[in-house]
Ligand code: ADP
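Only one chain is given next, in structure tokens, and it is the form predicted alone.
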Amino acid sequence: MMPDTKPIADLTTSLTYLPGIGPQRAKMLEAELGLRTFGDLLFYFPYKHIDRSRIYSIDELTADMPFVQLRGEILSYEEEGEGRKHRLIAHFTDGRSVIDLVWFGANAIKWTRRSYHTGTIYIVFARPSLFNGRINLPHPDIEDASKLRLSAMGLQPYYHTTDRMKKGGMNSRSMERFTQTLLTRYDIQLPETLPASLVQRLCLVDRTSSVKNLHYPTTADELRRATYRQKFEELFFIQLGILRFSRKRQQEVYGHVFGHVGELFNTFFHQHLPFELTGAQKRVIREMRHDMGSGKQMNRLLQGDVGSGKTLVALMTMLIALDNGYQACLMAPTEILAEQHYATFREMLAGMPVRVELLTGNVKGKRKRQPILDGLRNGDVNILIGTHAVIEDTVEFSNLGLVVIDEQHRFGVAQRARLWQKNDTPPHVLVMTATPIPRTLAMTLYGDLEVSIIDELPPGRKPIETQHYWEERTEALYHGLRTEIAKGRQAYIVYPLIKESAKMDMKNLEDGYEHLCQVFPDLHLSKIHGQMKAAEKDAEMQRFINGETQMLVATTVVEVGVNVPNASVMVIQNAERFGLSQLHQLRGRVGRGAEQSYCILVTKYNLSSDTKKRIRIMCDTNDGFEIAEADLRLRGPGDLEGTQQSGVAFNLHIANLARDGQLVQMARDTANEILDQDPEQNLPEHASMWRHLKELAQTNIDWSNIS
């Protein structure tokens, strides 16, 4: 008799054809999780595994326990509360004691009453919770005890699902059934993607075993080895793609040669410098001079905390371009910031033979715009500062040699590409950010850029003092504000504006503004938020910059940009609702003059442990890199803005840049070794690896050339 053989899985098959899914569920899986094929489901890994081999008794439970299992029956149901507090309670017994199972939400209540009945023995699985001094089990998983074989459960996988999926009856257990069906009905054979020598040297399990064991491991060690293999593979291919493009660009893309430092740079350095350059500023200017004189296109990321002097470095780099007969351009994300750069450059270059022009959406009409456009075309305009208006087709340069992009994450990749194409020979690119990027993240997001860091503040700057106030301490807060304003200083009062609760946040801002007008009737206040027209917003901002108003009540629109050296206090209301990096950015709006500045974080009294950590870190350090590392640890890398820039698919199924820093470095080192061994990408033993990298690429555009 022939043995039963499973069909080999075609991973491109639509999930519609997997038993138990069908067209409607397939549609939901695609809309909510982006899963379309057998292969997508196979690589949708659980976020955790829990040992389901033990049954607890109700008497053993405490409120601080992780997930537990109980065996017993539902005695009765009752419903309590109204509106959002409406809940279904099931009184559940294990034969010795009774505990409440609780569900909220009309759909969950209806579904539970229909599905689980009194008198049936169930296995209940949930995390214990404390409510009104009693332990209960909210939204438990429930299985018919007769269908569950505990010895076979072992490590059970848990999959992320969305609220919409749960409302449609698809939870983690549903996902578990789908993956189980895929793995038991079909023979899964994945081609090896890593060279055999590498798998052997790093003691990695094979690819097929690692993927299967990531769903259903039999032991904790099996899960650990499967996880390690998959994490390494993900990070290795990201680094391989980035480094391959980077090497290709270095070999193929030539840049203008800025062979000398001339009269403009030297005149500015000796006669116009507003203050002595820090050692860090001198170092990064040297790094850029080297790049721009090498004959290769410069593609450099300049990181520096708010107030570290990046703008001055950018201006001096532009003067090197001018000295070599080229034009320079600075692109800023907002009109206010572009105008501020324009005013700063004009002031610093006063008396020097350098024509600086501003091009934003506000520069309208042929009479205003045409002279600028003509000057760019014939080379009379040396430096152009603007917003995305500079990438319009009508903007043509005579000889663009250097592009500086400020706060680059606020521009789309395609927008930057258009600026890059305004010359036959690509201009040198300097990307600046005041958002410190942790090393592992920079290695991954900006792995193809050289990185320069300004890690010193200019002389005379005093560290900002950060204090935490409970929202009840208004008298002390108002007294401190009055004291600073009496010295002639100004203050920002920032309210959150979060999309999910925008209406409530706007009311808080409006109410806060009215309240402050009553508390400080003798002062002038400005107010800005993103829902105002651009002209109104700019006018209010300008009043604050000019010192006509003493307080600026705002949402986070002040996070990036304006420089008001006279502002010495930043009050952040509901600080618990902001991430660490955003709090640090907001704090950087003050501390720009020589006076002592303060950042006041106002929060409600009840805070989660993560929020307490965030507030403590903010009060303890002003170091942006320390804060960025802590933010990455606390929040994870999030959606990694701009992750398709490198020309490789950037979908981290399982690796975590916050926790896997050493593995990122190891993957990068290994990728560099491979490229050294096989620069032409033609060694037979690497064929499957290069093929897999090609499959991962989702675009034909080499975005790494753009920055």
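All values reported here derive from a predicted model rather than from experimental measurement. The numbering used is simple: start at 1 and walk along the sequence shown.
Here the subject shifts to the form predicted in complex with the named molecule, a form of this protein not shown in this document.
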Task: in the predicted bound form, the residue from G480, P458, G262, P138 that sits within 4.5 Å of the named molecule by heavy atoms - done: P458
Task: Selected contact from T360, T311, Q573, Q490, since only one has a non-hydrogen atom within 4.5 angstroms of the named molecule in the predicted bound form - done: T311
Task: Heavy atom contact within 4.5 Å of the named molecule in the predicted bound form, the stretch among 548-556, 302-310, 208-216, 114-122 - done: 302-310
TODO: Find out whether any non-hydrogen atom of E392 is located within 4.5 angstroms of the named molecule in the predicted bound form, and reply yes or no.
DONE: no
Open item on the list: Whether R244 contacts the named molecule in the predicted bound form should be assessed with a 4.5 Å heavy atom distance threshold; does it?
Closed with: no
Task: Distance check, L523 to the named molecule in the predicted bound form, heavy atom within 4.5 Å - done: no
TODO: Answer with yes or no whether L277 is in contact with the named molecule in the predicted bound form, where contact means some heavy atom within 4.5 Å.
DONE: yes
